[in-house]
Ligand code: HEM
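Taking the form predicted on its own, here's one chain by itself in structure tokens.
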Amino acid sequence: MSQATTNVYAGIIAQFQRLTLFIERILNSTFSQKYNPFYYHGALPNFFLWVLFISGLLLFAYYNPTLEGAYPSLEYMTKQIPSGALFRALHRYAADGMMIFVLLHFFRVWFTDRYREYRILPWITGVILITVLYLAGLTGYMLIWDSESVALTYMTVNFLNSIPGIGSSLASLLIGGDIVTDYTLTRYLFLHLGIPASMLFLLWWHYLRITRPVTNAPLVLNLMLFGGLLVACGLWPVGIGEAPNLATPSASIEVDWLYMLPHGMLANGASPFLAWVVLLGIPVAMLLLPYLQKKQFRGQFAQVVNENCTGCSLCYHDCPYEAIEMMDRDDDTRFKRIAVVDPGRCANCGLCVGACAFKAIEIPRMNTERVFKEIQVALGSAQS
């Protein structure tokens, strides 16, 4: 990128960071630092995922995936089963909550520059996870099979048909043939259950390069969020629309922009081409982002000061990227072990510098004294 573009990009990132610090101060005063949701943006989606699994299994027990049975089964859940409407609302708002925190996690990783080189694997798997979550949410809306769900199905089929060459094949793959049948809802149910099941493997892959990932938020924070879900369920209960009519589907749909971005664009007059550009352009841009910028400190990694290293292994235990190993020493010192840095894994994050009490490890671009000065400046800016 040109220098002017780089400067503009850096300015945008700086504004995001200032906004984050402002929001963090507000949340710290409300929740305290221990329970600030901003500090668990990567773990909280897992909480919502478990809420989705549990509530989804209960709904699955009553769902009838046929054209004649789907709507009555949802209506029965909503109006006849004790707490059935509550579980439907929990499922709906947990899905929105999960997507919100996933996007928050994405933006935090992006503007803190934690997505390149040694972090490319978590970034790529994160993009796949967002895509998978989007597809799971979309098929969930289709499974309701009221008049709006039928309209959503027809809109999706027309959207797929707009792709030259392969569009009709993709549409047939989605609905299980040339027309909507019982197999259509069976296909939706398979996708809606199978896609989230794949998340467990994708999450393992996502955490693969991180030695101590934070996968669970504190219990108190989870309980507060669950209470928030219950409040949302009470204030905005989830109902069910009119019975489906395949001949005359609903003329409009209630758009959930978290899961129906292209459908919302189409409903507001956008062309299918523009909707496809946005739908495909966002994940492609996310995948290419780590490769579009040159790493400013490429090739640099932590350096061990041999004469100061005592072999205490504090840096080894604190490194989240398994970039440090403790090896036996072969020089004439009273210490038996020494830290050795793997350049291919070192993230230049500086955690090892903060862990070392003996000034035995340094980042070439930033020595210990400079790190402490920047920390003090940052703390002063956050308190002002």
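The term rigid core refers to the most C-alpha atoms you can superpose between the two forms while keeping them within 1.5 Å. Residues carry their position along the shown sequence, with the first being 1. As the structure is a computational prediction, the values presented were derived from the model and not from experiment.
Beyond what is shown, the protein has a form predicted together with ligand HEM; the following relates to that form.
With respect to ligand HEM in the predicted complex, the three residues 98, 109 and 122 uniformly fall within 4.5 angstroms at the level of their nearest heavy atom. The contact with ligand HEM in the predicted complex, taken as any heavy atom within 4.5 Å, belongs to 210 out of 278, 210, 180, 170. Residue-level contacts in the predicted complex: of 229, 221, 199, 77, one residue has a heavy atom within 4.5 Å of ligand HEM, and it is 199. Proximity to ligand HEM in the predicted complex, taken as heavy atoms within 4.5 Å, picks out 101 to 109 from the listed stretches 101 to 109, 233 to 241, 141 to 149, 182 to 190. Among residues of the shown chain, residue 160 is not one whose heavy atoms approach ligand HEM to within 4.5 Å in the predicted complex.
Though the partner is left out of this view, residue 43 does reach within 4.5 Å of ligand HEM in the predicted complex, counting heavy atoms only. Residue contact with ligand HEM in the predicted complex: residue 89 places no heavy atom within 4.5 Å of it. Taking the partner from the other structure, ligand HEM in the predicted complex has a heavy atom within 4.5 Å of a heavy atom of residue 206. For the stretch 127 to 149, the set of residues having any non-hydrogen atom within 4.5 angstroms of ligand HEM in the predicted complex comprises 127, 129, 130, in sequence order. Residue 321: CA moves 2 Å or more between this form and the one not shown after rigid-core fitting. Comparing the forms between this form and the one not shown, the C-alpha position of residue 347 differs by 2 angstroms or more, with the core used for superposition.
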